[in-house]
Every structure is written in structure tokens, then in C-alpha cells.
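Starting off, we have a lone chain in the form predicted on its own, written out as C-alpha cells.
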């Protein structure tokens, strides 16, 4: 077990280094100079542009060679410093991420966990009920093939614009002050429904189809046929089939995390939801290197940690993996 964890940690560490390096490099491929946009917003006299540009280039270490900027980035990262935002200078990037992160987590965690649980339950029921299968299968294929952004726009048009049941944008009523009050919490939940529904529905279709197919596969396997030939109750056979079908679904959860996170960022942009997705869009529009790389750094760390947790859970729930690890140790 320790050897397995050590091997996984090495793989994740290498993945982290490569991913963070790409995260640092991509914003610098953007055309233009981010300091020019900052100076144009604050310069009062044309003669001051050159002096301000020189000052901010030095302040953000953008006047140095790329290799030195890269080393400075890692040095600051080890000290927990993600830099200061260019578009909202001199606000630290960690402050901006701290404001946006609760909104993104409030969308991601419920949508991922609930869609995975409900999808597996619905898929397991559809595998043994013909009427439910005939409705779940086409609906599941339709949902899982739908882009997050398109479904979000559709929900906003139907439930928000046409019927007027839910607000179209923002994380809460802009006339309210952000504070811990029942009115503010109610507004948060009211604005949360549509972004959550778009993430939940797309992910739900994929999990339902996957579980339905796995249950059918397990019920047609040799051990299921052998148990039925011995006269085992059908409920017992289905119980074993469900337990074995859950293992690929746990693996799929780790594989789908990146796609769901990407979908959440796009969904936040559709609804102007004040999470990490909206922050990334603002950073791209303002060529804010530090906001872009800071947000994606958090996403990289979050996805890698979630995958590591899923790997550990898989070892716990799958006895075959534990037996294999014991064999390797021997």
C-alpha cells in the first residue's frame, strides 16, 4: 500500500509540475502587453505613460527574461504568493480567488456528488425495468451529448426569460449586501438553481448510461449465471452486480472531474456567476497573467487532489486491488 501511494504521489507530482508550467506559459502567448491596458486606465497625462509602463513592468517582473520570470514564479509559489492582479491592482490574486472560490465549490460539489449518486441509482433501476430503460436511455444520451453552455443558455431562456421563474444572472440580488442573513442566503440559493441544474443534468445522463450498461454486463457475466443456476435469489445476484458495476463508476468519477470543472467555468460565464469561471474571463479580457495562472493553479491542485482521493478510495472498495498490492509487496 505504501509503495502504491508513493508511486501515485510521484506521478501526481510530475503531472503537477508539467501542468503548472503550461499554466504559466499559456497566458504569455497572448498578443499584446497587459501593462498597456493598465496604464491606459490610470494615466492622466500622456507624458506619464512611459514612466508608468516602466514602473509596472518592473513591479510585475515582466521586464525580465522569460526564464527568470519562470524561476521567480516557482519561488513565489513556494512562498504562497500568486502575485497581484493587473486588472485590479494592487489586489492580491489570492484575495480574488478567495472571493470567487466559494461560489464555484457551491456549484461543483453538489452537482458532481448528486449527479453521480442519482445517475447510478437511476441507471441501476433502468437496467432491470424495461419501461424505465426505454425512457432513461434516449434521455441519458441526449443529456450527456449536450454542451454545458448550450443547456445553460436553454434553461436561462425557458425558465428565466420566458417563464420568469429564476433570475438570469449574478450570484445574488445586487440590491442586497453580502452578509449572513436569511434573505441573502435565500437569494444565493435562488440564483444558484439554474447554474446547478445545467451541470447536474448533463452529468446525470452520463452516469445513468454508464451504470445501466455496466449492470447489464455484470448480469450476463459467468458468476451471475452460475449464481442463478445454483438457485440464488435474484436480489442477491443484482446486489453483487451492482457492487461490481460501481467500481468502473468510481474510476469514471476521477476521469470526469476535469470535464465537469471545465463545464462549471463555462456555465458561470453564461450566468455571470461570480465564481472562478467569471474571474478567468475577466482575466483573459484584461490580459491579467497572474489571475489566469492563479485560477488554473487552484483548478490543477483541486483536480489532482480529487483524483488522488478517488485512487485511495478505489483501493479501499476493490478487494482485487488490495490483493494485487499485497502480491507486489510480497
Partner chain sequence: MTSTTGSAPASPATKTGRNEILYFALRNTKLLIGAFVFMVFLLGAIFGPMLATHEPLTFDAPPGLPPSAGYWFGTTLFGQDVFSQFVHGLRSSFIVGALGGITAAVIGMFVGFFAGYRGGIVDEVLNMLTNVVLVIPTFAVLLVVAAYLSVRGLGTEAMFIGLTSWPWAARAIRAQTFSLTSRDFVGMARLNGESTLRIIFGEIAPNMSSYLVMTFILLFGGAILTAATLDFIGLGPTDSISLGLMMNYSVMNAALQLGMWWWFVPPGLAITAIVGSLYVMNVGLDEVFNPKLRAL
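Just so it is clear, the structure is predicted and the values come from calculations on it, not from any experiment. Residue numbers count along the first chain shown, from 1.
What comes next is about the form predicted in complex with its partner chain, which does not appear here.
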Tell me which of 136-144, 185-193, 109-117, 77-85 has residues with heavy atoms within 4.5 angstroms of its partner chain in the predicted complex?
136-144
In the predicted complex, does residue 178 have a heavy atom within 4.5 Å of its partner chain?
no
Residue 59: touches its partner chain in the predicted complex, heavy atom cutoff 4.5 angstroms:
no
Can you tell me whether residue 30 touches its partner chain? I mean in the predicted complex, with a 4.5 angstroms heavy atom cut-off.
yes
Does any part of residue 11 reach within 4.5 Å of its partner chain in the predicted complex? Heavy atoms only, please.
yes
Which residues in 158-183 have a heavy atom within 4.5 Å of its partner chain in the predicted complex?
161, 168
